[in-house]
Structures are given as C-alpha cells and as structure tokens.
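The chain that follows stands alone, in the form predicted alone, written as structure tokens.
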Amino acid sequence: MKLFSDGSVNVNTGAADIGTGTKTVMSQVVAEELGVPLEKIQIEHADTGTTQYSGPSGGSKTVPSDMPAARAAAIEVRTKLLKGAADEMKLPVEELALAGGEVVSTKDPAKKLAVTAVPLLQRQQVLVGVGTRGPNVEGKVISMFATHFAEVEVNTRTGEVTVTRLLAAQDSARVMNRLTFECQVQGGLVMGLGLGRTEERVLDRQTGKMCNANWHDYKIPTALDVPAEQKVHSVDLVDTECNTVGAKGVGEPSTIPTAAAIANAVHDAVGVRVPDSPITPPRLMALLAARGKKG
C-alpha cells in the first residue's frame, strides 16, 4: 500500500474481484484506517506480473482472508504518518488520529495538520506499508452460517411447484457493505432456487457428454420464477476473533440451504420427500403416485 504526497492511496493486491465487491470493500477498509475518501483510493489488483500474491477468489474467503492484509498494510502506513506528524505538531503520537484527510489531536481537535502537509510525506513523496494475513485462531470455528426458509404451492395434479416466498437469514459477522452483501445473498437464493426446481444436467451414458448444454434445455430461473417476496436478513453478530476486520464469508452459505428448504416445504405441503434435485413435475408425480399405491 502506498500513500502519496497528494493524499491519494494505491493498494496493490493479487485478489480478483469476480463481481462480489472485493475492490469496494478493500477501499472501505483502507478508508477506515487512513481517513482517506474512497475516490482517492486506487485498487491495483489481479495481475500476476505486478501485484502481490493472494489466494483464489472463491470459497467465501476473499473478504475474511484478504481484508486483514489490507488493514495491516494501512496500519503500517498510518503508523509512519502519525509518527511524522507527531514530530511536526510536537504532540505524543498516541494522541493523534486520522480523519478527513487530516491528522487531528484527540485531546484538542483544534490542533490538526493536513496529511499532505506532513513533512515526512513531503520529503519521501510516498509512504509504503506491507500487510499479510496470519493463520486462523486455533481452537475456534470461524465459519459463516445461514438458514433459509421457503414457502411453496404444489399442484398435485400436475406436479408443478411454485416458490412463493424465500427468506435467507445470514450470519456473516460484520457486514462490510450492505448493498453488495444483500445483492450477493439475493443472487445466491436464485441459484439455489435453480438447483431446487429446474436445473438438471442430462448426460449421455455412452459418451459422457451433456445432452442439454444450452439455455433452452438447461433451465435456469428467470425473473418470472423468482418469488415476489424474497428477503435477506443479516444476523450481524459481532465476532472479534475471526480476523482483524470482523467479517466472514457470504457466497456459498447464500446458495447451499435453498434447495433443501424448498424440498422441506414440498414435504410439508404434500407429505412426500423428494431426495433428488431438481423437483421436476415428473419426479414429484412419480413419488405421489408411489405413495398412493402404498396407501
């Protein structure tokens, strides 16, 4: 991480943003530590030739794994900057804080110095910090948790299942960005809806090739399939031990429980268990018929 003499910041990281808001959240972490507005933070990322190493962006680990490293780098830059400001302001470094692009005395807010006016930064033109993420806390489970609820309507004559309501209650600890969090969980619900209702790979047993490898026969949910009432509830439990930003993952827990919740709702409605996904009309009608024969 580099803080330049004009007050702008460059963050160099190998983390890739695959649409989950990694760059946004990383900018927020840096802004939180350095008091720099988001528009002055540049994220240089995902170039194996020029950026620092980072693990893959997947497995619900990008924010909890990479943000602590960004925070550590920002803290190193902040420490250097405050020490330089303390010499100029003739104040103990412990009494200084960063806010709004200024170094401010916590005891006397009237005593302040613009970040760009700190002599150390003016002389060096750049302050550099390097951060890494340490291992997980031993003896602690830092996984995220989620519970999904589904309401369905089942046509027992045709086997059609309509999902009328979905609710995801998600424990991802500290929510770093409310908009990206809710959008990612909403998307996860839709993917889980596809697994539970329509998406099925049909393979040719002889060749092993997928027979329905097209958007016509492999049926992903459309806007017409998504329930009108689909809500996200953030549990927002505070976890100060999982990592230095207090955040856990989002992605996988927002998808995994949905199909099971739909299957449980179908069982509650018509009394049969559907052990395979998706719950298609032929599959459900066969189970309903078999139940009738047993009766």
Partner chain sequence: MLPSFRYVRPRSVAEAVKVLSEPGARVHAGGTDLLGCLRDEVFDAKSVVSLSGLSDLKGISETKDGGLRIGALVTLSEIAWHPGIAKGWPALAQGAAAAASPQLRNQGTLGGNLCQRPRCWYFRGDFDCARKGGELCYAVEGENTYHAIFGGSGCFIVHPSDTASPLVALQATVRIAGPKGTRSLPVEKLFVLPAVDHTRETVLAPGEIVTEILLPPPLAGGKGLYRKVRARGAWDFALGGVALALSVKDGKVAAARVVLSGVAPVPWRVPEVEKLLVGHVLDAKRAAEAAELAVKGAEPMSGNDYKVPLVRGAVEEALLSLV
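Positions refer to the first chain, counted from 1. In this text the structure is predicted, and so the values were computed from the model without any measurement.
Although not depicted, the form predicted together with its partner chain is the subject of the following passage.
J.: Given that its partner chain is not shown alongside this chain, does D217 nevertheless sit within 4.5 Å of it in the model of the complex, heavy atom to heavy atom?
T.: Contact check for D217: yes, within 4.5 Å of its partner chain in the model of the complex.
J.: Please determine whether C211 contacts its partner chain in the model of the complex, using a 4.5 Å cut-off between heavy atoms.
T.: Residue-level check for C211: yes, a contact with its partner chain.
J.: In the model of the complex, does G14 have a heavy atom within 4.5 Å of its partner chain?
T.: No, G14 stays farther than 4.5 Å from its partner chain in the model of the complex.
J.: Answer with yes or no whether T79 is in contact with its partner chain in the model of the complex, where contact means some heavy atom within 4.5 Å.
T.: No, T79 is distant from the partner.
J.: Does every residue of R205, L224 and M285 put a non-hydrogen atom within 4.5 angstroms of its partner chain in the model of the complex?
T.: Yes, each of R205, L224 and M285 comes within 4.5 Å of its partner chain in the model of the complex.
J.: Can you pick out, from N177, Q124, T147, T198, the residue that has a heavy atom within 4.5 Å of its partner chain in the model of the complex?
T.: After the contact test, the surviving option is T198.
J.: Go through K90, K107, K140, R157 and name the one with a heavy atom inside 4.5 Å of its partner chain in the model of the complex.
T.: Here the answer is residue option R157.
J.: Could you tell me which of 70-78, 149-157, 94-102, 114-122 sits within 4.5 Å of its partner chain in the model of the complex, going by non-hydrogen atoms?
T.: Correct option: 149-157.
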